[in-house]
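Given next, in structure tokens, is a single chain: the form predicted alone.
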Amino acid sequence: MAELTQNEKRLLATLEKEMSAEAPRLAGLLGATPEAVVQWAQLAQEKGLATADRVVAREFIYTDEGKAYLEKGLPETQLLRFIQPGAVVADLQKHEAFRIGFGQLRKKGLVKVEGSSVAKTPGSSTDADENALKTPSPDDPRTKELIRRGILQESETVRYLIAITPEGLALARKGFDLRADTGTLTRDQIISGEWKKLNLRRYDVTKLPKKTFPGKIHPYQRIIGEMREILLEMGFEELYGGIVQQSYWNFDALFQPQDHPAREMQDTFYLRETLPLPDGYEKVKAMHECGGDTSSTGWGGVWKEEKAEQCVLRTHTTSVSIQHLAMNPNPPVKAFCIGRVYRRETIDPTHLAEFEQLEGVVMDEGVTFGNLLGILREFYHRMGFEGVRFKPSYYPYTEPSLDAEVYIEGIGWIEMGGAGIFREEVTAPLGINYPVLAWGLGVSRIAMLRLGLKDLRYLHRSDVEFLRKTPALRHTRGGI
């Protein structure tokens, strides 16, 4: 049999006299807390020397409302007594219990209402409900209904009944060495030889220690932090911007037509606020209407200033990047933005109305589409995705455009984000005469793959068990 701790010995010695008792009584006899006694009993139970039975008791507590009804009767009971032959709704409204009681009577079919007349149904009675109020039962549906109405509250108490087994009793009768255990030896005890007389505590080296869960950063925030660190190492600077953006920067400056479906209410959160258009907006207006001074023909139609002035919750972080480019039209520019964006999405396992987006731009002399592919491939490799490929795509403000995909073992190729080179219709009105590489991706999609999740909503739930099980650090990059 495994070695007993001193506290297990003390407990068994006490149980030899008590045979069985609840944890609080044993705690008083042993000078300990009930929680500690339960822990010692569970250790002894593993060795077959004691039992620790968990007894759950349910108790029903009356709320202030319930106490009043216990004296006067439920509202439906009070109102049912008040109903006389020939009664009308106006008469019942004078009773203080009408607001709650009348609805309950109709719900239970205890009254019949025709026009303004109210009459009791044959055999109508609330006796069963009153009995449930006076003597509640956990299995009675009427009691559950009283709890739902806030008349009763269910309380659960847990107590432990601890008893000694025949094996434990036989061992206790042989007697225990109840001297205090010595777990740590001092230098003097070793030199003097006093350690030979001590009751040394025995250790089970095969027993795992108790798990501890230190505080740590949320795994989603750690992944965002890792992306930020990678891009900073690659020479990018980080941009910041408000979540409220003017439609001009969120849509118009990116050559998105004012009648584009993404600008409609089903995709965008519009605000009442408006902001005056920036200086030089006329060039963007001309680009939309006729192509400005470029070879483009624009979108045609009439470009409306009031539509561009309206504020929205940003639908992408490109609205921050385009403003940075407008203020810095000369190379080099190498920047990124990680931020929350908002869209009118139906929430499901793969869609949220608000989510994080990572977006970056590179502007310099002579940068090419090949440079864009190299940047994306390097970023995804550093994030741990070995297989990366690209396919042609379409986006309103880039040409050529592409989608980046990564390969996940057991799943296949997963689309991660889009990229391209800003069209002349975007750069020319801002006075930019150099190529601009641009790319964006959904951060939550990477987080789902890295954390092995199938539902985006888990990233935002207060699930302590999920947080505890998720490792705090990735020691090496590469691999999911």
Partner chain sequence: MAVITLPFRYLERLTRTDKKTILDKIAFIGSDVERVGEDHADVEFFPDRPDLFSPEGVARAMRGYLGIETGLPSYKVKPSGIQFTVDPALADIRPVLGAAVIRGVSFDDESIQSIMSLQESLHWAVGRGRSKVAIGIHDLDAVRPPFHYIASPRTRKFVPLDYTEEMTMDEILEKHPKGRDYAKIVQDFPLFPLIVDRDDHVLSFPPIINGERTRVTIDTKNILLDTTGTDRRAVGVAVNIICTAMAEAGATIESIGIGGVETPTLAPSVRTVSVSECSRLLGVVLTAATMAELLRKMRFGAETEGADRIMVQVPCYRADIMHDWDLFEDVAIAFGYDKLQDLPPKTYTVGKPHPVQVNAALVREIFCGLGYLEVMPFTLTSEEILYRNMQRLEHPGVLRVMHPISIENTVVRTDLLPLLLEFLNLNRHRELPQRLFTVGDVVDSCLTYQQAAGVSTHPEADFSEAYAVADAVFNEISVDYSAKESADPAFIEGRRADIIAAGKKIGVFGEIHPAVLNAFELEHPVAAFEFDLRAVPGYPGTPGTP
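Keep in mind that what you see is a predicted model, and the values were worked out from it rather than measured. Residue numbers count along the first chain shown, from 1.
The protein also exists as the form predicted together with its partner chain; that form is not presented, and the subsequent description refers to it.
Just to be sure I understand the contacts: of Leu49, Ile421, Val38, Met448, which is the one whose heavy atoms reach within 4.5 angstroms of its partner chain in the predicted bound form?
Of Leu49, Ile421, Val38, Met448, the residue with a heavy atom within 4.5 Å of its partner chain in the predicted bound form is Ile421.
Using heavy atoms only and a 4.5 Å cut-off, determine which of Leu239, Val89, Ile408, Leu198 is in contact with its partner chain in the predicted bound form.
By the 4.5 Å criterion, the partner-contacting residue is Leu239.
Against its partner chain in the predicted bound form, would Trp303 count as a contact residue? Criterion: heavy atoms within 4.5 Å.
Flag for Trp303 set to no.
Check Gly235 for me: does it contact its partner chain in the predicted bound form (non-hydrogen atoms, 4.5 angstroms)?
Result yes; Gly235 sits at the interface with its partner chain in the predicted bound form.
Ile243 versus its partner chain, in the predicted bound form: is there a non-hydrogen atom within 4.5 Å?
Yes, contact at 4.5 Å.
Taking heavy atoms only, is His218 within 4.5 angstroms of its partner chain in the predicted bound form?
Contact with its partner chain, yes.
Would you point out which of 186-194, 97-105, 81-89, 397-405 contains residues with a non-hydrogen atom within 4.5 Å of its partner chain in the predicted bound form?
Contact criterion met by 397-405 only.
May I ask whether Pro214, Phe269 and Leu313 each come within 4.5 Å of its partner chain in the predicted bound form, counting any non-hydrogen atom?
Per the other structure, all of Pro214, Phe269 and Leu313 touch its partner chain.
Do any residues of 16-51 have a non-hydrogen atom within 4.5 angstroms of its partner chain in the predicted bound form? If so, which ones, in sequence order?
Sequence-ordered list is empty.
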